[in-house]
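Just the one chain here, the form predicted on its own, laid out as structure tokens.
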Amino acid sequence: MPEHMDLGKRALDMKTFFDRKADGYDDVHLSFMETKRTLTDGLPDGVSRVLDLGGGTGLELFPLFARFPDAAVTVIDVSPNMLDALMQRPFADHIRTVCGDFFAVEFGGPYDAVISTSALHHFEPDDKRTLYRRIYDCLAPGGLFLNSDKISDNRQAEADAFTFYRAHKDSGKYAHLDTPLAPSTEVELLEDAGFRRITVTLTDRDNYRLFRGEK
């Protein structure tokens, strides 16, 4: 049986990587704004309490606050440097930050919506199932989870990504390795967590999908 992923080590690796990348993060991710905007587009009117997982510098929150200017948003991110950059945004007085990894910190709630983009493609299916159940539990009845994230083309490509990760994670050759899941795996995990009315939508990027589920 393959070695199971060490979540604590992976969180530390991501903290180190994103702390170093914080200053230039916007330069890279401004090209993802259409993908990030799909999160806000998928929300119903009246949203006021939002949890953003892996919010980083908060680029996806510009369209959200343009539509919901009075929203209260909790942002959880493993990188303190990214959160420092977030708190320089004009909507910072509507933000509460929590620095830590998604498996260790309290989510709070209940929330009308949980959103995430480009942040959750780092975990094995069993761990992601646990995470999705945590997300489900922190939502209010009828609340929504929207995740715009990188995918693998199919389950074989998904397995290959994990094989490559395990072979190279300690080699020092790569600063960062992704392990995205196939869309069918994502849907299965969302269903296992209790979500219903799950949809999978294309984005402006071929290797991204928007997953939306309702509690």
Ligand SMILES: C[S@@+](CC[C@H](N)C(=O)[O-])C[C@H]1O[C@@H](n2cnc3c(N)ncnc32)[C@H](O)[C@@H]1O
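Predicted, not measured: the structure shown is a model, and the values here were computed from it. In this text, residue numbers run from 1 along the sequence as written.
In what follows, reference is made to the form predicted in complex with the named molecule, a form of this protein that is not presented.
For the three residues 11, 79 and 117, a heavy atom within 4.5 Å of the named molecule turns up in the model of the complex in every case. Proximity of residue 67 to the named molecule in the model of the complex: non-hydrogen atoms within 4.5 Å are absent; the residue sits far from the partner.
Contact check for residue 18: a non-hydrogen atom falls within 4.5 Å of the named molecule in the model of the complex. Heavy atoms of residue 132 never reach within 4.5 Å of the named molecule in the model of the complex, leaving it off the interface. Within 4.5 Å of some heavy atom of the named molecule in the model of the complex lies at least one heavy atom of residue 29. Of the candidate stretches 162 to 170, 41 to 49, 184 to 192, 55 to 63, only 55 to 63 contains residues with a heavy atom within 4.5 Å of the named molecule in the model of the complex. The single contact residue among 101, 137, 84, 124, judged by any heavy atom lying within 4.5 Å of the named molecule in the model of the complex, is 101. If you take 125 to 143 and check each residue for a heavy atom within 4.5 Å of the named molecule in the model of the complex, you get nothing at all.
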